[in-house]
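One chain comes next, on its own, written out as structure tokens in the form predicted on its own.
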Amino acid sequence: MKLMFAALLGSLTLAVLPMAASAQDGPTMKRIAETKTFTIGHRDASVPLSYIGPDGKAQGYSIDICLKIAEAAKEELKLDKMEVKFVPLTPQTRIPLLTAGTVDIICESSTHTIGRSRQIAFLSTTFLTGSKLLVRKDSGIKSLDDMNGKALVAALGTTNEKAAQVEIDRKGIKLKGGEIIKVKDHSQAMLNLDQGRADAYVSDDVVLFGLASAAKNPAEWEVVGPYFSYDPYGMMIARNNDDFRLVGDATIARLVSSGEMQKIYDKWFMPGPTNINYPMSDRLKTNMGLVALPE
């Protein structure tokens, strides 16, 4: 009886093992292997994380990290060749494009939140920032407290829009027009500022510094106010893709451990193509140490 039970247990174990292995074999890596294509979702104006450069191509800090992940995926799948494609997106389209399989990874300025994690997954945090305001230097605005009677613009569907609304409601701030002006992306927000339809733009401070540095007259703008939200950035991937997540997180860990992540950071922020001159914060340095998992 014992021998029969052992034999039965052994056969069951052998039957279960392939199922366990296949459970880690997510659709993203399968799609990359079948199409020999790695598709990156990007933004057009999240300077210097993910934006369109002078040559018309996607570039930035997040893009460089994702290109390293693409190389790692190609090596993991042992592909002889692999094409990297770029698909533009907005805060409103990024999650639908990801869940539909149109893009394999979103490389931009995505804040890791619990709500978004119910729909998609995030790789290890690669940046830390928070909500502030971009204003003209002569506006007299120094924080959200100065926005009474002023027009505030935000990108629809962002954590910054929600955080600003919470602060406005809590402090009883009366905005011009009665509510936040909601636009589709950074470019539309800057257009509202340029044309005087808004007095301030609320977004992550790194994005605001980037937009100011890329403006026609950078000296005209300043980023103001204390943080009223903190935002950890991570690359978005579809859920139920543990094999792809492992490739991404392992790549990020290696970049940090080898010192290459610091070089990528310096390339885009110190001072960077747009002269943003945004040193790595102590908080981000600590985070980098936490995600640099040993092999």
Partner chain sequence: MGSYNWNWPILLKSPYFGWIVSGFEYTCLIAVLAWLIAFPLGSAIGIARSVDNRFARAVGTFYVDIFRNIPLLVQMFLWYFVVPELLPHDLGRWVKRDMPYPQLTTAIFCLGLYTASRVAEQVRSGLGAIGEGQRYAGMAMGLTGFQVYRYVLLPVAYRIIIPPLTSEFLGVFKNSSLALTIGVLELTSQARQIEEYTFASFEAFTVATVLYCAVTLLVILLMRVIEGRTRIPGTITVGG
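Residue numbers count along the first chain shown, from 1. None of these values were measured; they are calculated from a predicted model. Heads up, when I say rigid core I mean the largest set of C-alphas that superpose within 1.5 Å between the two forms.
The form predicted in complex with its partner chain exists for this protein as well; it is not shown, and the discussion that follows is about that form.
Candidate site formed by 105, 107 and 148: none of these residues places a non-hydrogen atom within 4.5 angstroms of its partner chain in the predicted complex. Under a 4.5 angstroms non-hydrogen atom cutoff, its partner chain in the predicted complex has residue 157 among its neighbouring residues.
In the predicted complex, at least one heavy atom of residue 238 sits within 4.5 Å of its partner chain. Its partner chain in the predicted complex is not approached by residue 219, whose heavy atoms all lie more than 4.5 angstroms from it. Taking the partner from elsewhere, residue 198 is found to have a heavy atom lying within 4.5 Å of its partner chain in the predicted complex. With the partner left out here, its partner chain still marks one of 73 to 81, 205 to 213, 131 to 139, 189 to 197 in the predicted complex; by a 4.5 Å heavy atom cut-off that stretch is 189 to 197. Checked against its partner chain in the predicted complex, the candidates 85, 174, 182, 171 yield a single residue with a heavy atom inside 4.5 Å, and that residue is 182. Counting a residue when any of its non-hydrogen atoms is within 4.5 Å of its partner chain in the predicted complex, the hits in 87 to 101 run 91, 92, 94, 95, 96, 99, 100. When the rigid core is held fixed, the Cα atom of residue 177 travels 2 angstroms or more between the shown form and the other one. Relative to the superposed rigid core, the position of the CA of residue 149 differs between the shown form and the other one by 2 Å or more.
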